[in-house]
Ligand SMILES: Cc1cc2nc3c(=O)[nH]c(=O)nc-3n(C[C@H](O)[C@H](O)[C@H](O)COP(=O)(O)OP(=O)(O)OC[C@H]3O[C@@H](n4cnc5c(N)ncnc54)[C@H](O)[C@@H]3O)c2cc1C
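Only one chain is shown below, in structure tokens, and it's the form predicted on its own.
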Amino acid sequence: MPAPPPDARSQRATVREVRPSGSDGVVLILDLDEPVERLRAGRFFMLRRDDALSPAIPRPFSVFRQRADGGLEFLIKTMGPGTRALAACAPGDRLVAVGPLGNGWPVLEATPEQPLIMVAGGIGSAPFHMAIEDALAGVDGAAPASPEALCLVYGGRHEGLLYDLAEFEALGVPVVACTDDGSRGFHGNVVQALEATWERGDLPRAGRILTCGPDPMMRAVVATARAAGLPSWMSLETYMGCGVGICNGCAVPTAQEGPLGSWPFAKCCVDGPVFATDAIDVAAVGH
């Protein structure tokens, strides 16, 4: 079975800045004691405060942005005691940071005829900012993509759950915002917004689909991709205890006929969190 990545380590980090994002989130900007090399979009760190305010077990957070000066940004939705403790940080506070962990998005070529379609729900937008930056720049041998070769479909229950939407729009690629209550953009969910975009001819019904967000949303997105005959990948938001493959708390059922089918379960932390959807039992995700 896979081991933790060779560049992973446990270290300390200093909070540089905390800024609000959306109605219930923050962007946490950290300086690691031991800076890391350029990261593949979709990788993550296990984070907790280095004091009694955080639970003892850290939680996983995708890297939102990697700054040129070495700072790392994490997009965090305040939900429980761990995320509330992180959101309450002040500049100079110290954190425990284990990472970088996991496998990120695959390197994929994108053209206007075969676009890269990214579908995010709520805080599931976190691994896509770097993915768009990487696609535009061309990394790891891929040709730089034009903005027209990329599209982000980004949904939330209401406008306040479209975290850092302006940051994505500033990247210069088409962004289809949608909300369940109609408070911003398309009035409906991400699958309806994607279908409407296809029907208008704004996007060819071709290419590859990447998705991250609530499990029911991702299952619906994958079903839509399969109905259109498009390959797809999903980044799972599975709870983890260790992040390095020891605790078995993030087991994901595999597809018997898929590339991981020799094992009944994969470990999200070391085999994922990004999976090709033919490798796992998508219907069982979140159940």
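Bear in mind that the values here come from a model prediction, so they are computed numbers and not experimental data. When you see a residue number, it is the position in the sequence shown, counting from 1.
The same protein has a further form, the form predicted together with this ligand, not shown here; the description that follows concerns it.
The candidate stretches are 201 to 209, 188 to 196, 120 to 128, 166 to 174, and the one lying within 4.5 Å of this ligand in the model of the complex by heavy atoms is 120 to 128. For the candidate spot formed by M218, S232 and D278, no residue has a non-hydrogen atom within 4.5 angstroms of this ligand in the model of the complex. Under a 4.5 angstroms non-hydrogen atom cutoff, this ligand in the model of the complex has P81 among its neighbouring residues. Contact annotation for R40: none of its heavy atoms lies within 4.5 Å of this ligand in the model of the complex. Interface membership of V222, defined by any non-hydrogen atom within 4.5 Å of this ligand in the model of the complex, is ruled out. Of the heavy atoms in V27, none are within 4.5 Å of this ligand in the model of the complex. None of A97, A135, I76, V153 but one reaches within 4.5 angstroms of this ligand in the model of the complex through a heavy atom, and that residue is I76. Residues L236, E237, T238, Y239, M240 are the members of 220 to 254 with a non-hydrogen atom no more than 4.5 angstroms from this ligand in the model of the complex.
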